Ligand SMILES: NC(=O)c1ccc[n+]([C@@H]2O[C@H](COP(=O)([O-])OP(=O)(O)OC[C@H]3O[C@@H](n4cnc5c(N)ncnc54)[C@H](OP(=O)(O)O)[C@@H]3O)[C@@H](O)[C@H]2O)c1
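Below you will find one chain, with nothing else, as structure tokens; this is the form predicted alone, and questions on how it binds or moves follow later.
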Amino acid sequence: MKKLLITGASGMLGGEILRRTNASMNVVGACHRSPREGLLQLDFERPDHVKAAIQESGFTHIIHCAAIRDPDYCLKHPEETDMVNVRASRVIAEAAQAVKAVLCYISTDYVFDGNNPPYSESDAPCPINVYGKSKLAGEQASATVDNHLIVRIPALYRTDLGDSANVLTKFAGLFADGQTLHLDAETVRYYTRTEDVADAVLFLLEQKHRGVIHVSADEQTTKSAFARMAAVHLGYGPDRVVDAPSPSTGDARPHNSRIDTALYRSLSGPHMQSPSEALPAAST
């Protein structure tokens, strides 16, 4: 029987993967900053503890989802970002290699600068912000593992509003408070359902795919356009969202970091719903 460790299992993607694992796997969910009942706590400030927890537990597969993902937070907290996104990834990669485990590392489209999309798996990464640079370093560490899979993904959301970290949940709360949102209408995004990505990751592991692969929905949107879809889906008017320019503060974002998903689609993996599919207008 396979024994699977999922880091970041208290987060949106890690938690979704944990919920979707099947009975053929002995699964352990782990967390770092957000302890939850039933999850193994891995203290990334104690590398020896993390390494021992992995090497002594007989894991055959590791899905490394844990990361700090907010680019502005990463800019303001470079040391913590380095500890979680870079150093912890190196420790996990070293432990995975030592026990000959398969390591699946969850990365991001932000490893690209956004100037020449779409980006294929063979295109050279060129991150422009602290977050993207830290995730590229995590990729490089993961690639030292003989059996590695690096899955690059774009911005995620869930259709289930039960997760406070879900951007859709945040929008729902702001709309309920009567707010009108002024959001970026310039930066191109490819919002993708967390549920679909979780299915894709498990599919790729089951298929024993290795190397780098891009997984994303293919509908081009912006933060404001996505929020407008969310407003209509939740039963509010589209006028609750107003187009605004890209923010002039915070760390840089790629203008259009679209990742080419031709390789993933050639494998006939689970379908990535577009926001238009996943967020139909509320029935009247």
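Because the structure is predicted, anything quoted here is derived from the model rather than measured. One rule holds for the numbers: they count along the sequence shown, beginning at 1.
Keep in mind that the form predicted in complex with the named molecule is missing from the display, and what follows is about it.
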- Here the chain appears without its partner; judged in the predicted bound form, the stretch of 141-149, 128-136, 201-209, 113-121 with heavy atoms within 4.5 Å of the named molecule is 128-136
- Only hit among 172, 86, 185, 155 for heavy atom within 4.5 Å of the named molecule in the predicted bound form is 155
- Flag residue 226 as yes or no: does it have a non-hydrogen atom within 4.5 angstroms of any non-hydrogen atom of the named molecule in the predicted bound form? no
- Can any non-hydrogen atom of residue 59 be found within 4.5 angstroms of the named molecule in the predicted bound form? no
- residue 81: heavy atom within 4.5 Å of the named molecule in the predicted bound form? no
- Message: Within 4.5 Å, heavy atoms only: does residue 269 come near the named molecule in the predicted bound form?
- Response: no
- Task: Could you run down 85-102 and flag each residue that has a heavy atom within 4.5 Å of the named molecule in the predicted bound form?
- Result: none
